[in-house]
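Shown next are two forms of a single protein chain, provided one at a time as structure tokens under the names structure 1 and structure 2.
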Structure 1
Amino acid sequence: MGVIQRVKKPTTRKGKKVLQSKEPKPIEGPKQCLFLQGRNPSDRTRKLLKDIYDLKKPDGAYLSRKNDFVPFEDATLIEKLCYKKEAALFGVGSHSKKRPHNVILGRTFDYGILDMIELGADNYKGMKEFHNAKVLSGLKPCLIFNGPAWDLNQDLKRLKSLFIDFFNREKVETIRLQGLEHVLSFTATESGNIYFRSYKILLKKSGQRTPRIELEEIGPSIDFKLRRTRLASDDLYKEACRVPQELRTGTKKNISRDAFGSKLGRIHMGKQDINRLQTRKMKGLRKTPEEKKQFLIKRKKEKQAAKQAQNAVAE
């Protein structure tokens, strides 16, 4: 709902600004994430969501109260809360005998559910259990996806996109080399296990410009099992993935660059009439009155013929 679509005008300047900030933009900032508790969340799911929230900070909110709802049956609560908090990502934790340590990760598009994927946390080791120095919060992590299953399975393909969405943060132009110190690794096996690991990067000397990488695990370390999924239809997903016209880069015709980086343009010219070309004027080449007359008559005839042809076309 943009400002222009509203019937009632905002009364205050601040209110107008708030509404404007909620309007869709061509370039969006980092997606906000909402972490909720479902019915009877276990200690493990609470801690797990908290850890993911810590990784996601400052673009997130952690709501610790229990909510009596099942996202796969009725997701209106999520949609409502996401609308209220302007969030596009969510994580819900719950626990039951049928689905122990259940974590649902998902995202919304236009305040409606786009994707929702249910994961069971089989093994979990929290961030606190690793006794070492952590990375700074708010860093853009490197994302590593291991295993061929990520591209083969449709659900996993979408889950990969979801994980990228969760941890990608925002698009950056430049990055500080020393600031690359966090790696998130996602490994998928054929049997539907997903191993989530988080490491700190240690840059060692290699005798070259590029450093040698060593990793140190900082947690959390989670073994997920893929459960139910509710994925967006292809139409909706395509609509959500649309790139605005102003960001699309089309190739410009007839402009090229050579090896030295200088710009080259190619222009098209009409056919040249060499007979009409004005060369050096000499008395000997000057037209006699007779020739001039002939030339004028010829031109007149040509013009008439052209006019007739045009009239014929018009009729």
Structure 2
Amino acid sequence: MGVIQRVKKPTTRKGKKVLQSKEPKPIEGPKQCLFLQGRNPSDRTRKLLKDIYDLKKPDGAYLSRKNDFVPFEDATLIEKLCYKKEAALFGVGSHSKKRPHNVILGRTFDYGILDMIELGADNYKGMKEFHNAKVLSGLKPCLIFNGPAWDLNQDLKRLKSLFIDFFNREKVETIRLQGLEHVLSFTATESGNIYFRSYKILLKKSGQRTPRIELEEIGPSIDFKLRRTRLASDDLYKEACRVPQELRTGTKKNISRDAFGSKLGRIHMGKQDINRLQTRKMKGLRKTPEEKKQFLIKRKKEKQAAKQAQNAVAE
């Protein structure tokens, strides 16, 4: 039986801030990614992970030290490092005779393994082999998924979600055309091949208001082959994708919008006595002494009539 760890309370202000930063948040920022070297990584897998790390910057960490472990057999080291580095995503490169040029991409939930997908890099062309201008690091790329296989195959559907997690950044409400500079293209086939390409967007003159778009490949260029997978159960995956209560938007009644986009609301109010409404006190709206006297006489007569009606009922 394992020893139960004690709950350590922070004793300093800095320690309290560190623990608060690790707590779950309603709106999360870009996910951090940890790139590791597994058992006997090849030169191709090292360069491949380094290129993916360059695309992920600055939301990632690259560890060049070799680790003698197999993630599909024992993933405790990954969970420990992800907890230490506060990373939700990870990538591991390895090489063997049975599985050459192997890359494992995965993600964690509650500091435990959620999904792991193993890919083989059949063909690879690094960013340094493309002798042209690159995009700046930290840009939000445009992700394009080509082929119907992404929605038909369950493994590819989960891999698509994993790629979106890898290259997703801050949430934006509006998009500026000049801000789109980088495109990542993923093409899937029914045989399990995934073609990963990276392009730079060039805006050319077209003689019109809308510019002409050209794509220039800047690398990396990778041909992946889908191998082993370890996917989370439906209940665990549903729990990981659950939307917090404070972010859920319910239906609002009696609210509509007109043709111009203006927001219209309808409210229901009970019967009100206009004479007793509190209005702005202005000298011009004050009652004269004669009006006050008539109001008191009328109120006195109403009380007397009500009292006489009560006495008549009692008799």
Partner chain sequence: MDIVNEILEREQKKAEKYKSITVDKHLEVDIDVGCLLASDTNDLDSKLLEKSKDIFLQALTRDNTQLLLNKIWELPTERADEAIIVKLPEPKTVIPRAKPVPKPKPLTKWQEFAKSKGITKKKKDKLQWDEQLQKWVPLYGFKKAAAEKEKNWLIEVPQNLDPMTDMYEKKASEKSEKVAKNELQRLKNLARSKKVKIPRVGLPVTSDKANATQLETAATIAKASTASLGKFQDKLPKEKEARGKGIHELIPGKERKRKLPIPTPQQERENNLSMLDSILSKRPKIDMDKAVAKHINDEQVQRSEEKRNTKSPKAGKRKTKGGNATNFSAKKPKAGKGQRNPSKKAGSGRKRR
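Definition used throughout: the rigid core is the maximal C-alpha set that superposes within 1.5 Å between two forms. Numbers follow structure 1, counted from its first residue as 1. The structure presented is a predicted model; accordingly, all values stated were derived computationally and were not measured.
- Of the two forms shown, the one predicted together with its partner chain is structure 1, not structure 2.
- The Cα position of Arg266 differs by 2 Å or more between the two structures after fitting on the rigid core.
- Once the rigid core is used as the reference frame, the Cα position of Val172 differs between the two structures by 2 Å or more.
- Annotation for Ile297: C-alpha shift of 2 angstroms or more between the two structures, rigid core superposed.
- If you overlay the core, the Cα of Ala309 moves by 25.2 Å between the two structures.
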